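Shown next as structure tokens: one chain only, the form predicted alone.
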């Protein structure tokens, strides 16, 4: 039996909604299921705002969350009522059976459950108070109830609970009592829904599969690539990258500094890169705007460094806790003058790990800043990810010059070479002294504002980046679905590719010839590969979570062909159904044809 179950827990800040989701995904992963989860939470302080923990549990790889959940849990009816319609037909709705205060008409969730949904009214507060002496463990009672109702082993939940509250014996003990109380209640209920968890997939011999978030995967990739220095300033949703590195880097004898602001962070990052260190910083859109001038110095001085950027809603302070893909233009073009840089955008959590490590390789190999572009959805999303036994990253890809014989004529740090990548040295290297300046310069690094020189150096800085399109063991684009000519081709980047891929799979199941392409290398743009894909497509659809269709604009600047833009700013991931509906429209499928 195949397993594909999505559970959504809705509550208010302070209800432990996000903590419950964390324990649930840990338990499911512990049992061996594949998990994708993403939480929504408010920017307000504790006690205000809605929190939603959603996770999809499968026995095979899934690529996105489903538009409708199989199980909806209410920890706060005022927040959960608007989401009742998101539970599918014959899905389960679990809620508090009683209230300690009188309720206005229609304020209880039971008045809003559709006839086709299965209600489970549970004395959640009572079970929590009886088992722990407090109502604070209602979220844990609900987890136990889910385990008991769907006949899941309680052992995985207990291990996840103990891991969550490791070192807090008293709290763990009370929560275990709440979990068992909920489990016993769930186990005695007669189920009317059609939800079943099949056996988890068998684990491959020697496989290492871990549940990890996108930001945590970036950290692991940076550590496995041998990061030497990190300079950062806190900003949602990139802060946890710095927090995790702050915990891990001292153990490895490497250095992390929290700077006074983003300008100081990028300045120190460029400085460390100039000195020969593998170095990085992390920020979001507002911070990237502040970093643009120093990124220009890194580009003109050809300094390797990495900038992890996790996008949120904007502009200005915008929506710090909502996801968006609207920093693409500033990542690719942000800065004065012609300031080319490498921009890569992973599409899933495993990609966050691999792109993080490869970013350091590219920065060194092509002597330039590299921007790794995530978003809040990808940063905070959890997935079960297989990791290689040995880190797949090169420890050093620098083109260091051999200057042991000295150089009386001066070291040509910016020599014009056949591949446009110059030999470099680090401070203190004998015979490698040179000038590094933000002014336009000649091959020796000395200021030179002659037109021919500026043209040659501009060409050098741009053309060397084309080598990144053939960087070893890096997937800059990949095609999925039908081969050859198709009715509709979907091109997507970043976190939205998961939804695009799911929509393509569903379209093919309906008989539509369809294919999808993910684009990971945004700059330099992989024009040849994307143009070849588009040549096979009757219509091209580009879904992305920004208002302007920024990726579509970049694509059309390189490939002047009409495309259909599906640009949305829903403050959350794009729905698979929206992409599928547009694929159907482009393929000329009517509602009647779909019903047939």
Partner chain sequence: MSSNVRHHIVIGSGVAGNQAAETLRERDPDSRITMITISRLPFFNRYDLPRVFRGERDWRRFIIYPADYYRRNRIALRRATRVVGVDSTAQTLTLEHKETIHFDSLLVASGAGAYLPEDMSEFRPLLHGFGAFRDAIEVADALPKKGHAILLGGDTIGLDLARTLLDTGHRVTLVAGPYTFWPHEVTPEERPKYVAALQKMGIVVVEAQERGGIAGVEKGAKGLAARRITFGNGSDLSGDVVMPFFGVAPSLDFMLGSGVDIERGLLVSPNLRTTNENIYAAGDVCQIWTDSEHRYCFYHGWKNVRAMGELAARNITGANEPWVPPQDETLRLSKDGKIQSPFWEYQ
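Numbering follows the first chain given and starts at 1. For the two forms, the rigid core is made up of the largest set of C-alpha atoms that agree within 1.5 Å on superposition. Here the structure is a predicted model, which means the values were calculated and not measured.
This next part talks about the form predicted in complex with the partner chain, which is not shown.
Close approach of residue 418 to the partner chain in the model of the complex, 4.5 Å, heavy atom: Answer no; every heavy atom of residue 418 is more than 4.5 Å from the partner chain in the model of the complex.
Residue 316, heavy atom within 4.5 angstroms of the partner chain in the model of the complex: Judged by the heavy-atom cut-off of 4.5 Å, residue 316 is well away from the partner chain in the model of the complex.
is_contact(residue 90, the partner chain) in the model of the complex, heavy atom dist at most 4.5 Å: Result yes; residue 90 sits at the interface with the partner chain in the model of the complex.
Contact flag, residue 110 vs the partner chain in the model of the complex, heavy atom cut 4.5 Å: Output for residue 110 is yes: heavy atoms within 4.5 Å of the partner chain.
Stretch in contact in the model of the complex with the partner chain, which is absent here, among 422-430, 118-126, 387-395, 134-142 (heavy atoms within 4.5 Å): This holds for exactly one stretch, 118-126.
Selected contact from 511, 98, 199, 250, since only one has a non-hydrogen atom within 4.5 angstroms of the partner chain in the model of the complex: By the 4.5 Å criterion, the partner-contacting residue is 98.
Sole residue of 261, 463, 402, 114 within 4.5 Å of the partner chain in the model of the complex, by heavy atom: Only one listed residue qualifies here, and that residue is 114.
C-alpha of residue 395 moved at least 2 Å between this form and the one not shown on rigid core: Comparing the forms between this form and the one not shown, which are aligned on their rigid core, residue 395 does not shift its C-alpha by 2 Å or more.
Core-aligned CA displacement of residue 253 at least 2 Å between this form and the one not shown: No, because once the rigid core is superposed, the C-alpha of residue 253 moves less than 2 Å between this form and the one not shown.
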